[in-house]
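Listed next as C-alpha cells is one chain, alone, in the form predicted alone.
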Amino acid sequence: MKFVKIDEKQWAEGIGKLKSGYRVFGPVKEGKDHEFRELTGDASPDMAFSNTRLSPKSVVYPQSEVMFEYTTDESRPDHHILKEPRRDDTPRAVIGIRPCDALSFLLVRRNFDSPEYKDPYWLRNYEATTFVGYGCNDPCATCFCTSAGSAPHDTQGLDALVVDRDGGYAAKAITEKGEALMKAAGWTDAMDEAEAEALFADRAAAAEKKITRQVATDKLAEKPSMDLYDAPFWEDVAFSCINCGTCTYLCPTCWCFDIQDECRGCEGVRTRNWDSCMAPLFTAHGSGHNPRGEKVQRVRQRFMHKLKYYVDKYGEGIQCVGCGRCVRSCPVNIDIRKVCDMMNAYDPEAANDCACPTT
C-alpha cells in the first residue's frame, strides 16, 4: 500500500494533469447543495462538503443512456437495423466520492454483473472508472453507514482514499488503478508509512464515534419473507407516502430502469432511463392489470427489496449503504432506519397476541 502527501498546490496541479487522460468528476457547489459534475477547464472539486444531494452513480449509470440508433427510411441500406452509437470510453476519475457511495457500486454490481447476465453498458462504464474516496470526518445526523457494512473511512470499492491533513491531504493507493491515477496526477511525494497509518486510523476512529444512529439488521435473514410481507405495519409506513420517487432517485443502490423508443420522422433512438418502483405504472401490464396498483404495495416492495429480498438472494448484507439521503429528503419523513428496525424485530406471534379480539 502506497502513501503520499499532497499540499494544496500539488492537489490543484494534479487535478489539472488528470484532465489530459481522464474525464474527471468531482463535487461542485450548486445552490445549497453539492453535486458531482464533470470538471472541465480550470474547475476543481470542492472538497468542503458533507455529502452530495445525489450520489455519483450517474457517472457509471447515466440517468438516460442511448442504447441503439436506427432509421426506418427504406432508401437507406441500414434501415431497420439497430446500431450502437459511438461511445466515449475515455477513462473516468471520480474524485472525492464518499466511502458509502463507493460501496454502493459493489452492491449494484451484483445485479449488472451476475452469473446469469452481464450488462455491457454498466460494466464498460464501471471498468473505465477510477474511484478516489474522501474520508468523511463529519457524518450527517442521518448517516448510518456503520450499520450497513460501511464506515466513514472505509475502502471497499475504492481505488484510492484521500484524507485531510495540515496543509493539504494524505492519500493511499488501494489498487493498481489508484496507483496509476496518483502517478498521472504527479502525487508521488512519499509519506512515512507509520505516520500515515496513524493519521488514517485516527481520522477513521474519530469519524466513527460521530455516527449516532445504529440500525438493527441481524435478524432479517432469518425472517420468513411472507411473515414480513403480511406484517401489519405496512399501512402505517405507507400512509403519508405521496409516491414522488425522491427516495429511489436519490438512492445510490437503486438500479431500476425502463427502455423506451424515441422517434422523430424516420430517425429513432432506444434509450434506457432510470425508473422508480414508486411509480404507479412501474409494474403495469399490457393487459391493464397492475400487481402493485396500490400505494401500500409499492412502498412495501421498496423496503422488502432492499431489506429482505436482496438479503435472501445474495446473503451479504442489505441493499443500502446508510448514506441517509432518503431520510434527509423525504418530503413526508418516512425513515428507512425505523422501517428496518421494525422488520428486524417483527414477531408475527407477538403481533397476533396483541391483536384485539373480534366479536
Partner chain sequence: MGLEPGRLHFSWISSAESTKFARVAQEVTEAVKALGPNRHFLKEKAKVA
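Positions refer to the first chain, counted from 1. Predicted model only: the values in this text are computed from it and were never measured.
If you look for the form predicted together with the partner chain, you will not find it shown, but the lines that follow are about it.
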Exercise for review: Identify, from the list 269, 205, 221, 106, the residue with a heavy atom within 4.5 Å of the partner chain in the predicted bound form.
Suggested key: 269
**Study point:** Candidate from 66, 296, 47, 43 lying within 4.5 Å of the partner chain in the predicted bound form - any heavy atom
**Key:** 66
Review point. So in the predicted bound form, does any heavy atom of residue 85 sit within 4.5 Å of the partner chain?
Key: yes
Review point. Does the 4.5 Å heavy atom contact test between residue 264 and the partner chain in the predicted bound form come out positive?
Key: yes
Study note, to complete from the structure: The stretch from 179-187, 147-155, 196-204, 269-277 that lies within 4.5 Å of the partner chain in the predicted bound form, judged by heavy atoms, is 269-277
